[in-house]
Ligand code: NDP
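As structure tokens, one chain now follows by itself in the form predicted alone.
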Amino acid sequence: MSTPRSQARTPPAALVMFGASGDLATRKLLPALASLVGNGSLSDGMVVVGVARSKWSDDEFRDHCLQAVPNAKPAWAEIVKRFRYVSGNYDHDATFLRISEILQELDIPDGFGGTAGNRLFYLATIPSLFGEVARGLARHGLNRPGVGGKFARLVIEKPFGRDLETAEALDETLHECFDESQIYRIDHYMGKETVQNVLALRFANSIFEPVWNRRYVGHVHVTVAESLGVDHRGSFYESAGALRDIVQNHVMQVLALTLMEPSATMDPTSIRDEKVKLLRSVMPPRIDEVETAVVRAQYTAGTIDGQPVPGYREEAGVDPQSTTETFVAMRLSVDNWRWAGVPVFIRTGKRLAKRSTEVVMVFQRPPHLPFAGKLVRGLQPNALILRIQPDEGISLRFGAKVPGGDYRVRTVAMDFSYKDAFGTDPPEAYERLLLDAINGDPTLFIRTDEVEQAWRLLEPIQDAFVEGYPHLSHYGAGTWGPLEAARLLEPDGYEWVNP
């Protein structure tokens, strides 16, 4: 989140970035840091220590940081001069000994100030290395602050395991090395302004609170659509699939914020407690219901933005006989007082018609329409649409009279756009999340019981996929998914609200 210069800066700290030469660090983390430096959010004592296998010197790493953010403000080039680099394997003690030596050097104040013994370790590596790096840090005492320091924190990226068993095993390893209060699990969706605005919309506006329940809401949709395919990540995606890659984390986090009960306060513990309570109330289909309540599919060749694109099985790194799903849709229910009886439909997929993430609250129809049928032909139910990306904003869909002599009513929309209202695009998610991690605010990070409950919800569906059901459908790239996804809603008389 962009922070005015008048606001207090972060405490001094060393950000130790494992995987510093990789894609995530280059595309997301370094630009986010440069933006925070440019708007004056970071302390002068903030320093990055890059760690990777690439055989770079300090100067080569600094050049990499400058090239990663070519249009950064001059302050970025100034702070990069202090960055350090460690080349080494993540399972070698020599690597961690060198990190320790550099951190001790950086703690000592110089012309810019020191890092004051504070450490933030960011694991931008492949997930299989999370435990190895955590153990290495603990072996060398780096799981504790340096002399005079106040914190040592560990930030890890999703995926948090491949299923409940591996998630629990990862947490056991992490908790042997760090306290839960030191662990910050990142889901970048939680850093998006529109996701956070769900709380403001719900709890700062009295016009919405009374209708945010089963009495007025007919059903809820969550869509996470991507127009891109798997690109160079084919081999990774073969072991993941849409269920693990998107549903377990992004979808469940957005769903929890949208449907949770009001928290007593806005403190991190209260908010995360309510999210976990909501997830515990979600009722996934039983394994014998998966065939009718879940759709899985895979994209075939098609057209995106007028350009032909290959099918999933033709992508590099993908098995030509692959049965990995690139699309999942399902019906869920929530067994609590607020949402009992309200169906919740979720879907996610690659190579869909457009990139869009939305939450749609579709309200029940009025019990009686006094207008003749032809005058309201095509009138859709009221809906509140939360656009999370790419056109961040909120839309309220309602009926209005068409100008003219007839009393004809049709659906119109009242739109709020972040860019139009505030004169700027929302900041990148990683800016907010990095800032919160340095400041020690865990509100938008994922707690261990949240992770495990999300995996627990999906276990019967994962088991069914392994057994080969529901059958694998197909859809052409550039469409909104297979016909089976539309049929999922038909028994209730609903249809998907496409962006």
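Note that the coordinates shown come from a computational prediction; the quantities given were computed from them, not determined experimentally. We number the residues from 1 along the sequence you see.
What follows is about the form predicted together with the ligand, which we do not show.
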Exercise. Thinking of G19, G22 and S54 as one candidate spot, does the ligand come within 4.5 Å of a heavy atom in every one of them in the predicted complex?
Worked result: yes
Exercise. Is there a non-hydrogen atom of E157 within 4.5 angstroms of a non-hydrogen atom of the ligand in the predicted complex?
Worked result: yes
For this session: Please run the contact check for T194 against the ligand in the predicted complex: heavy atoms, 4.5 angstroms, yes or no?
Result: no
Exercise. Using heavy atoms and a 4.5 Å limit, would one call I126 a contact residue for the ligand in the predicted complex?
Worked result: yes
Exercise. Could you tell me if N89 has a non-hydrogen atom within 4.5 Å of the ligand in the predicted complex?
Worked result: yes
Exercise. Out of the stretches listed (256-264, 302-310, 287-295, 157-165), which one is close to the ligand in the predicted complex, meaning heavy atoms within 4.5 Å?
Worked result: 157-165
Exercise. Among the candidate residues F345, Y184, F96, F130, which is the single one with a non-hydrogen atom no more than 4.5 Å from the ligand in the predicted complex?
Worked result: F130
Problem set entry | Among the candidates R233, R397, R82, R338, the residue which, in the predicted complex, approaches the ligand to within 4.5 Å (heavy atoms) | R233
Exercise. Which residues from 399-435 come close to the ligand in the predicted complex, meaning a heavy atom within 4.5 Å?
Worked result: Y430
